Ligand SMILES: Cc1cc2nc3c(=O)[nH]c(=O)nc-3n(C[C@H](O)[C@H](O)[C@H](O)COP(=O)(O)O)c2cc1C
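Just one chain is shown here, as structure tokens, and it is the form predicted on its own.
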């Protein structure tokens, strides 16, 4: 079957075939998914924030062995790197109240986490030095695209431009998006409340046209609850020139997702993808778990970022290391947007993109449904 054509300005800016960007999804998007999406005509994106500098460098090399097409690295950044100067992981821990440490001990017992288990996750995410090291790896490798899943790229925009690196930043409202305009990024993602992972508080249908109008002429990709060709066409109608999608790729064999997580996504309803601060301290949409319920219902509210994530890292990472046991597999962080009922079957990344493009082109060719009439 001949490949369908669907081309927008986003394709020109990012040098991709289809206006589809795979979201970074740190921890769930590794080289196999990035390669598969880019090879299929979209922009594959590595969730780089969960890597260390040496492993990020190796991942970039692996991606380049698998595809010659553009790809992106997604990092979590502060609004200004100066905000992180002089901060260490140990220094941050000092700001966590003693009663929260005691509560964390209670939760370890409740969820059968051994007292002597401590996460070995590295510290690049927590310090300015670590964050700058990750950025430097991206700059040294002249990655095609650098994305900020959180925060701003302003501090490093001159370096990106001098190396010919395209940039993407996410805005959940107009105010945030205008900051990205100041930074002169190449693409802004207008992300709605419907989205999985870290998300804002305005619905996709409302936020996309407002941001698209406010940031012209910068191209906008829509995000939040978009999982098929109908969503892509709707995004174009709202003023976006493409989409940024994460959840729809989670059921692919290339995603770093357990089969149990995939089963839960397939079985989920739109009410099961809840907003919680139980994992990172920031609002995050994921499938409800026994662990998120504990924090969402009290008795203690989650701490803010990054303190809550530091406090609970041992529990979360132990569950991942023992995901072969049902009690821990059910605790795994499972991000998903509100389009859960559309996430109902396993497909390869290529099949997902081909299906989205096929459906979108068919809708655009046929026009509005016959039930809609106008003069």
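Everything numeric in this text was worked out from a predicted model, so none of it was measured. Positions refer to the first chain, counted from 1.
Unshown form predicted in complex with this ligand; subsequent notes refer to it.
Of the residues given (250, 207, 146, 273), 250 alone sits with a heavy atom within 4.5 Å of this ligand in the predicted bound form. Though this ligand is absent from this view, in the predicted bound form it lies within 4.5 Å of a heavy atom of just one residue from 195, 220, 235, 72, which is 195. Taking non-hydrogen atoms only, residue 211 never approaches this ligand to within 4.5 angstroms in the predicted bound form. None of the heavy atoms of residue 20 is located within 4.5 Å of this ligand in the predicted bound form.
Heavy atoms of residue 42 never reach within 4.5 Å of this ligand in the predicted bound form, leaving it off the interface. In the predicted bound form, no heavy atom of residue 240 sits within 4.5 Å of this ligand. Only one of 187-195, 274-282, 161-169, 293-301 lies within 4.5 Å of this ligand in the predicted bound form by heavy atoms, and it is 187-195. In the predicted bound form, this ligand lies within 4.5 angstroms of at least one heavy atom of each of the following residues of 319-342: 335, 336, 337, in sequence order.
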